[in-house]
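For reference, the chain that follows is the form predicted alone, supplied as structure tokens.
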């Protein structure tokens, strides 16, 4: 499908970049990896994109078949964006990029992360324990966002952005999603966050510790 900017090559890598290589395109896809989003949700997660830029990227990605737009039934009647089945096949690309980028010799220039990005980091850097695998369900509250995490026999089998009435073994309520990032990065402990009031832990504290201990972010590559 033609685009106004193209590398003009038959190489599939070049063609992939024609579709998702423009600025903000990959981050739009990132924000849809855990489920559908309204335009306002995407704007809140990507404020630096600007509404005109965001609208253009959504049109481009829809035109290429990476995402689709639909209207929720009444009474919501809101328009939402979600990845197509083909668009969802970018998942291993994101995981590989996250692991590669985490090992960059220089730290990232920006410090901002969206709540979804924090939770996707948990999934990307979750390492299956070789000993004493466990099973547990978790609710993670990052501000207004709610996530359900499920571990079965040491495998992270579910990460969804959803509100659920099913009881969890442990619920972690953060006052700010960056506190969760600090926790999974090893910069602060559960006890430290609880002590300073940045985290409220409800339920099985040992299960919560096992989840956090299973997240291992790679170290930067030495130069």
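Since this is a predicted model, take the numbers as computed values, not measurements. Numbering follows the first chain given and starts at 1.
Unshown form predicted in complex with another copy of the chain; subsequent notes refer to it.
- Mapping the unseen interface onto this chain, residue 108 counts among the residues with a heavy atom inside 4.5 Å of another copy of the chain in the model of the complex.
- Contact between residue 200 and another copy of the chain in the model of the complex is not found at the 4.5 Å heavy atom cutoff.
- Among heavy atoms of residue 215, none comes within 4.5 Å of another copy of the chain in the model of the complex.
- A residue is said to contact a partner when one of its heavy atoms sits within 4.5 Å of a partner heavy atom; residue 207 fails this definition for another copy of the chain in the model of the complex, lying far away.
- Taken together, 94, 104 and 221 are fully in contact with another copy of the chain in the model of the complex: each brings a heavy atom within 4.5 Å.
- Residues of 5-30 lying near another copy of the chain in the model of the complex, listed in sequence order, are 5, 6, 7, 8, 9, 10, 11, 12, 13, 14, 15, 16, 17, 19, 20, 21, 23, 24, 26, 27, 30, the criterion being any heavy atom within 4.5 Å.
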